[in-house]
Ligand SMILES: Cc1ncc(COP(=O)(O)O)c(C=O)c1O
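Below sits a lone chain in structure tokens, taken as the form predicted alone.
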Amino acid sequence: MKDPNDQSSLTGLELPPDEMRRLGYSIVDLLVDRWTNLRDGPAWQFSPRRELQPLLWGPPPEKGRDPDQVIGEVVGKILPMAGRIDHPRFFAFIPSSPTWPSVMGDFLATGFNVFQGTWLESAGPSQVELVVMDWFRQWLGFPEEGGGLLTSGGSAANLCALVAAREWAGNPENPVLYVSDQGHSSLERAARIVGISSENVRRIPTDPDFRLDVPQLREAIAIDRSRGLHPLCVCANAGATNTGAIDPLDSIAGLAKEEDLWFHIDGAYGGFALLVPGEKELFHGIEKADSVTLDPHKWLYQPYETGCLMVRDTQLLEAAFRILPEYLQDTALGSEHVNFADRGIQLTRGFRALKIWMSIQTLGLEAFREAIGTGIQHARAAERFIQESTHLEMMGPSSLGIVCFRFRISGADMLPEDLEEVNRGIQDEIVESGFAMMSSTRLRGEFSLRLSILNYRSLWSDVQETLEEVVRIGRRVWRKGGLG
């Protein structure tokens, strides 16, 4: 009998089974150690290219190296110089904190090397994606004919939505896209790709709570029609990246129907708050959308890259993307067998649904509801803390897990340029210290600090201590600058 560990029987790209197991177990041990000790390390580490390039630059080796040395180099030199986005005090941008079952799902899907473009090559995996899409369909309140596909992220999902909208409208000349002034940049990028000129992307102003102003949207549509343009699609936010704002979805849905526009909702991270009892009413009208972007790799705690596009009618999605070349004729098995390549831009696509399915099956939906709800409660508690502070002020209402605020001494006469200088100093010092990671933004032209509290590991103490650190640094920077 052939010995599987016999080196002479292996090609140059194979490893003996025992060595595969040893290396695999060592990787698992490294990951578990990282997860176990995540809180004890810094929330952020950074190194400029001028320092990293000498460490890593060079030609590829002609002969293979010791795998333990390679792993040591990866863990010692490369991975530490990346954002620790799942750290409990990583409050920047829109973080991701995957569950362990979802990581196992990714490992399995990669190890089994699933090609999930067609049913012929991935019947079981495709059925799992259909199951997951039906879960999402029910959460959104879409009809039975609704469905979608998993994508690399929200940017790809928004692109596919605009392609579907353009095809649905018959590829009109001079199409116009309407987005909130808080809309995600990927919408403008998608517009370029589908042939909507930058001059025909309308950024609609928002109200004091950063929600799209419906009367101004109506006026913009009327003006464009009078100019002979073709209003095509309106994109609303169900959790704006900047502020967490949720647009008046039901009102926008009514206007879109009245004006015969495709209604798309970008709910990339915020849409999953639908799962939390008491929060679903915030999304009234989402069930009327023609398409919705969701990002399970955000507030459904999945690894990157796990985005999603959902549509009310999957036939419209397939009408936009389905192409059957001769070399794929064997994959046409009938309409009951879904080829996910017919629903989006990828033919070659991995088994993204497994991680979602495994994590929900293993942990239960209740655990996800509780984790999302806890993030929302932490954000509301942060807002109360800021409102009660004599050194902090809100820059707008908190929404979902997002809190925008700044350091400002109550009663002090602080010039706008001084405010920005102090808050920039706070931002720089906190990030450089590694204590916490938070990002900044601008709201109506004013510099704002910003917390995105989405991590299921984050405790209220993590949020409170970060806010207290903002105050401590702010007071010192303020005094050091001779500003007070």
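Heads up: residue numbers just count along the shown sequence, starting at 1. Quick caveat: nothing in here was measured; it's all calculated off a predicted structure.
Quick note: we don't show the form predicted together with the named molecule, though the next part is all about it.
Trainee: Answer for His184 alone: is it within 4.5 Å of the named molecule in the predicted complex, judged on heavy atom distances?
Mentor: Taking the distances in the predicted complex, the answer for His184 is yes, it comes within 4.5 Å of the named molecule.
Trainee: Quick check on Tyr269: any heavy atom within 4.5 Å of the named molecule in the predicted complex?
Mentor: Contact check for Tyr269: yes, within 4.5 Å of the named molecule in the predicted complex.
Trainee: Please run the contact check for Gly401 against the named molecule in the predicted complex: heavy atoms, 4.5 angstroms, yes or no?
Mentor: It does not: once the named molecule is placed as it appears in the predicted complex, Gly401 has no heavy atom within 4.5 Å of it.
Trainee: Any of the heavy atoms of Gly239 lying within 4.5 Å of the named molecule in the predicted complex?
Mentor: Gly239 belongs to the contact set for the named molecule.
Trainee: Which of these stretches, 247-255, 295-303, 211-219, 384-392, has heavy atoms within 4.5 Å of the named molecule in the predicted complex?
Mentor: That would be stretch 295-303.
Trainee: Under a 4.5 angstroms heavy atom criterion, identify the one residue in Ser155, Thr206, Thr374, Thr118 near the named molecule in the predicted complex.
Mentor: Filtering the options by heavy-atom distance leaves Ser155.
Trainee: Though the named molecule is not shown, can you say which of Ile94, Ile409, Leu261, Val132 has a heavy atom within 4.5 Å of it in the predicted complex?
Mentor: The option sitting close enough to the partner is Ile94.
Trainee: Within 28-67, which residues have a heavy atom closer than or equal to 4.5 Å from the named molecule in the predicted complex?
Mentor: Nothing in the stretch sits within 4.5 Å of the partner.
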